[in-house]
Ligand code: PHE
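In structure tokens, one chain follows: the form predicted alone.
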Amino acid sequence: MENIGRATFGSKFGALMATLGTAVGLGNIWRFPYMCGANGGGAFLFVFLLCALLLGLPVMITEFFIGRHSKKNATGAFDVLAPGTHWNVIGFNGVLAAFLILGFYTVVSGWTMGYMFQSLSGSLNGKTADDFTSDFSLFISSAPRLMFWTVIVVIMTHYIIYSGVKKGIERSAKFMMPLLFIVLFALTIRSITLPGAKAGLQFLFNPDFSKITSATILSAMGQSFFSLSIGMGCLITYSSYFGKTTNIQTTAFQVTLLDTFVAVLASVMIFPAVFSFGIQPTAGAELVFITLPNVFEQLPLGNLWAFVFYLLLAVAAITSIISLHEVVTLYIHEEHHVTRKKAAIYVSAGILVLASISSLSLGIWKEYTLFGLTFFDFLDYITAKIMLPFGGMMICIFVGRRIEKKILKEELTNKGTTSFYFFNIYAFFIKHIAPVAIGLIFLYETGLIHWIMNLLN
């Protein structure tokens, strides 16, 4: 099912780096550490690793199958695999989720750019913990500053998408992903050499299994889902650029392994520093923009380490935004038959509008809410807690019940040229186990599981 003339990645390394860029992002370096800190440290890490391997990896392989077998965008893929049906609603869900995520993710990426500039200029110097708290509140409520950095992020991303698959996405990934690992390693080494760092490592790697509850398990499942970018169309879109010789199983395993490694390494970077200065690891989402600046302030060459850290965050954010942008751009390009460059312009313009509303909802429009949430928080809630679990669950149901096992196996083994030793176990898991597991994530994240339990009691 080859789509003649369609762009593909130029090398296996480029395909791996680009696909890794879809998974590695703020979810690994920002969200995972504070989720880990709030859920018992090592106990959460243990459950997360199991979930990434047993849930995330099989579902990633499934999305890779859809993308490469169809050689189409996230919506068109289902029209190819199930023509004349309504299964393409799964693709629409992914494309819309990607666009809505861009509405707030771009804003957060602007925060990282703004803090990177502040660390470089020295404006983070000589401040107390209370100063960092008030400064962050002022920063996110300042529409002009937020819009400036948001526009910078959109321009950078647009240029890469506008340049195409090989010259834009693949080339940038080959530079940014190795840079991310170099910076992450440098910060980790600095962190574990701090006095008292051992307590942070014990918190992370000496699990207290008594802290594992049903909430911990479901939170870890949800985090593995979010971290691996499952259900938002990115993996289908990027795998549609895979060549015929790309080993889907190996690529999925490498991406899962490296993505998980980044999340763990980010925690190794953060927790020793946090414990070294007597700060609670349960600081929450503000850990990166309030707690850590306070840590950097107390370090020798604090400005330098702060700059390097926010550079790391910015790189991780940009690689994720590129993949989300590409999901929507390719959909418009292929389904609405406009040139790729025009599609990129339309998407970038839409992101600016959505991000502007998100930015203003943190400041002068804060009193205007949707279901009790600011527009920024609403976009986060509806995508992470509803659209992504729904998309992942439906992808498993679609492949498990609609696709013939023979076709599935042929694609995943490159027509028998590679082995898939546990194929029957994988197929059973995707058809029967994964939809239930992901459904539990959905029920938990939306609060429905608590409502059901209360009803039963």
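Start at 1 with the first residue shown and count on from there. These figures come from a predicted structure and were not determined experimentally.
There is another form of this protein, the form predicted together with phenylalanine, and it is not shown here; the text below is about that form.
Student: In the model of the complex, does S229 have a heavy atom within 4.5 Å of phenylalanine?
Tutor: S229: contacts phenylalanine in the model of the complex.
Student: With the cut-off set at 4.5 Å between non-hydrogen atoms, does S119 touch phenylalanine in the model of the complex?
Tutor: Heavy-atom contact with phenylalanine at 4.5 Å: absent for S119.
Student: My question is simply whether T237 lines the interface with phenylalanine in the model of the complex - judged by any non-hydrogen atom within 4.5 Å.
Tutor: Looking in the model of the complex, residue contacts with phenylalanine do not include T237, since no heavy atom lies within 4.5 Å.
Student: Would L26 sit within 4.5 Å of phenylalanine in the model of the complex, counting heavy atoms only?
Tutor: The answer is yes: L26 has a heavy atom within 4.5 Å of phenylalanine.
Student: Which of these stretches, 75-83, 155-163, 321-329, 106-114, has heavy atoms within 4.5 Å of phenylalanine in the model of the complex?
Tutor: Partner-contacting stretch among the options: 321-329.
Student: Work out which of I101, V95, A252, A220 lies within 4.5 Å of phenylalanine in the model of the complex, going by heavy atoms.
Tutor: That would be I101.
Student: Pick out the residues of 192-210 whose heavy atoms come within 4.5 Å of phenylalanine in the model of the complex.
Tutor: The stretch does not touch the partner at all.
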